[in-house]
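Given as structure tokens, the chain that follows is alone and in the form predicted on its own.
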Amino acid sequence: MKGYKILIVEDDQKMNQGLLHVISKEGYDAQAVDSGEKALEKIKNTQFDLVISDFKLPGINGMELLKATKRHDVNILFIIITAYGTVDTAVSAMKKGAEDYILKPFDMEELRVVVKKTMEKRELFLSNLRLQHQLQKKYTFENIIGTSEAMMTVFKIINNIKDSKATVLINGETGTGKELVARAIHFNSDKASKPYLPVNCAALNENLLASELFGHVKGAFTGAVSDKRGLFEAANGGTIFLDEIGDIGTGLQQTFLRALENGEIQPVGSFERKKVWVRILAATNKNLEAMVEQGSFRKDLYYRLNVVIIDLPPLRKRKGDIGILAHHFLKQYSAQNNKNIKRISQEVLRLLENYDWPGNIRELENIIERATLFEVSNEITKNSLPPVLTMPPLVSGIEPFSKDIKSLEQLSKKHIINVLDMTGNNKTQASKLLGIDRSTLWRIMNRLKMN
């Protein structure tokens, strides 16, 4: 429960500092002001978990501050301190949303007990909130479909390391299900009730990613209008999944390494360091070893990340799983679209198994979803598939494949070039013909080093 933010509102300077000292000594992140007006200003700019306020204050009194606080954020807890030892004052405060009250005079031990009890309630509330969001869909090994030898190895590794504190590096091409593996590890572990927070490192520049991971203080940069907790602090005791870890800038890698090694974070713009513990699951479709050799990824960070490595095979190397995956997605999207499609024809299964799947499982899922929308019978047929699966090898206007092509990557590259030529280099139209979205096409082209 340590690390919660508590605001103390007390106009008596001696009492003000005494409360601040006791609350801070308990490990909470405490601040103190001497008026209701200053308290409201703080509440608007900082995310507090609890306000402890005297009833009698100059200007806005404690009861008015309670109402204003609840209007701003109903989830902020409130304890009121009053020297007016009447039941009416305490009952009125509780009716207006106060969690508890303390009557003056009181000793500091009584304060500690009341605050501890209140923050335990806060912890329970947050835990229930996390469970409502995170366990709406239960991520188990059943969500990772496969019977191939490579996938059996993945299942075994997950089962062996799920309860450990070791960092895990998940390698695999785009669309192979790296986040599904991360979720399976977390939600089957003894930390399943704790937060699971994913972040895509490739989606943010270095400065924004630093703020996202470690938080920032008000005024740290333009637009930082209030303090913000980072993912490391928000996920304390749980798991952070860092997707596309290879895209973290070199400037941030040292800061991230320190957080991994000693659990110490420093919000952007702050001189204060905080201790947290989170489990790190990282994923990449890049060759981090090659990046280390090139000097674009720190060697010490790489070895800190790859305590456990899980290699996810591309779909083209687990052809035996294609039928199982296709039926899984059919059941999912048939129900979602109120269709009564029960089967996949043998002709379609052969087409699926003979395709190269440059977009991997994500591409297969997209194609099955599309097929359920277009299919008019109770069986997925060739007519509901996109052209990329049904086009014959030689199509008018498309150059035939050369006999010099020997690898699947060369074949994929040539096929994409042919489709782009056929569509006049229209990426949107080409992606539709390929049965994938435009962003997936761009990622595949980048992986294949296509201009």
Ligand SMILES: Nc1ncnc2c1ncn2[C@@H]1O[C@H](COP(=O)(O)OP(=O)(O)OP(=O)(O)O)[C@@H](O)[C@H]1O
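This structure is a prediction, so every number in the text was calculated from the model and none was measured. Start at 1 and count along the sequence shown; that's the residue number.
Heads up, the form predicted together with this ligand isn't pictured, but that's what we're talking about next.
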Residue among 186, 216, 279, 178 with a heavy atom within 4.5 Å of this ligand in the predicted bound form: 178
Proximity to this ligand in the predicted bound form, single hit among 329, 357, 196, 78 (heavy atom within 4.5 Å): 329
Partner proximity in the predicted bound form: residue 255 to this ligand, non-hydrogen atom cutoff 4.5 Å: no
Distance check, residue 365 to this ligand in the predicted bound form, heavy atom within 4.5 Å: yes
Touches this ligand in the predicted bound form: residue 167 (any heavy atom, 4.5 Å): no
Partner proximity in the predicted bound form: residue 144 to this ligand, non-hydrogen atom cutoff 4.5 Å: yes
Partner-proximal stretch of 107-115, 357-365, 262-270, 219-227 relative to this ligand in the predicted bound form, 4.5 angstroms, heavy atom: 357-365
Sequence-ordered list of residues in 277-292 near this ligand in the predicted bound form, where near means a heavy atom within 4.5 Å: 285
